[in-house]
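To begin, one chain is listed below as structure tokens, in the form predicted on its own.
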């Protein structure tokens, strides 16, 4: 069995509950408890996001401090991002879907960092021009989820280099080579851009505080492979006079083939891509999707399926907002009333409806893209 490896630049090995438990201990994050969920649910007026109830977002750092500030009438802001490595699949939308819920629930500003410089420096054979094209396409895909244009701000590292670099030098000055080597596994054969880049990714976790002149807490939703950046930021930011960033951390959406790994942009058959045709979606589910069903029709009817490990059900539950529908499908599938082929067909229909809606939204966003781009002047002296 391949040894588990989880870094911001590589994820390999088997992903299961045991491996996530190991990562929690290794990274020193806290599990989200039922008590914390109850507190979030109360603030959200009883509308707890399914990603929380299903423990897809399962760990955190200082989430309680964010909730303290909110309940005391103090604002905070959100920060998440995307490395434009290629076209996006539905697994990439997981953190953005949840981030939109956070923005809607708490009515706060959101920074979305597009790390085009990272993708040029680290493990990419693409030219800058090619990466910029991918970045533009990714931005449209992300915004098709329906973020608030008045409170959503896209940061592109190359386009916003002046603001980012100015503050990145503060981070770099307080970060040692030994730290970068220990946390990221950088070696003497790596290019020096790989050493400096973490300083750029840390900047948005205090950028609005620096620009507005008001010390604000920042909540960062991310998949657990991105945690190394924010472990460093929690060491550095207090030295610069800012709050440590808070985090809410997710698992990965598994590959089509099951829980052995996550969806990958480089492995076509592992993922449902946002530009997949309706026929392609159906074909992938029927051919590749890991099933929690039984080997025979008779066994399926008698013993039922295991929806918890079934790819099609899990993606269906990710997309379907009606929890009553999800629970009904879960019960029918588990009891044997619903068959594996029927579950895959139901998931395919839901995915295709979801993707078609995103494509329609995407076309609308094209005409308003400038409204979402980061402008530091919007925050100078601004009382958020």
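All values derive from a computational prediction rather than experimental measurement. Numbering follows the first chain given and starts at 1.
The same protein also exists as the form predicted in complex with ligand TRP; that form is not shown, yet it is the one meant from here on.
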Ligand TRP is absent from this chain, but in the predicted complex, do 81, 119 and 221 each have a non-hydrogen atom within 4.5 Å of it?
yes
Should residue 246 be classed as touching ligand TRP in the predicted complex when contacts are defined as heavy atoms within 4.5 Å?
no
Answer yes if any heavy atom of residue 115 is within 4.5 Å of a heavy atom of ligand TRP in the predicted complex; otherwise answer no.
yes
Tell me, yes or no, whether residue 199 is in contact with ligand TRP in the predicted complex, where a contact means a heavy atom of each within 4.5 Å.
no
Give a yes or no for residue 226: in the predicted complex, does one of its heavy atoms lie within 4.5 Å of a heavy atom belonging to ligand TRP?
yes
Which of 81 to 89, 300 to 308, 285 to 293, 188 to 196 lies within 4.5 Å of ligand TRP in the predicted complex, heavy atoms considered? The stretch 81 to 89
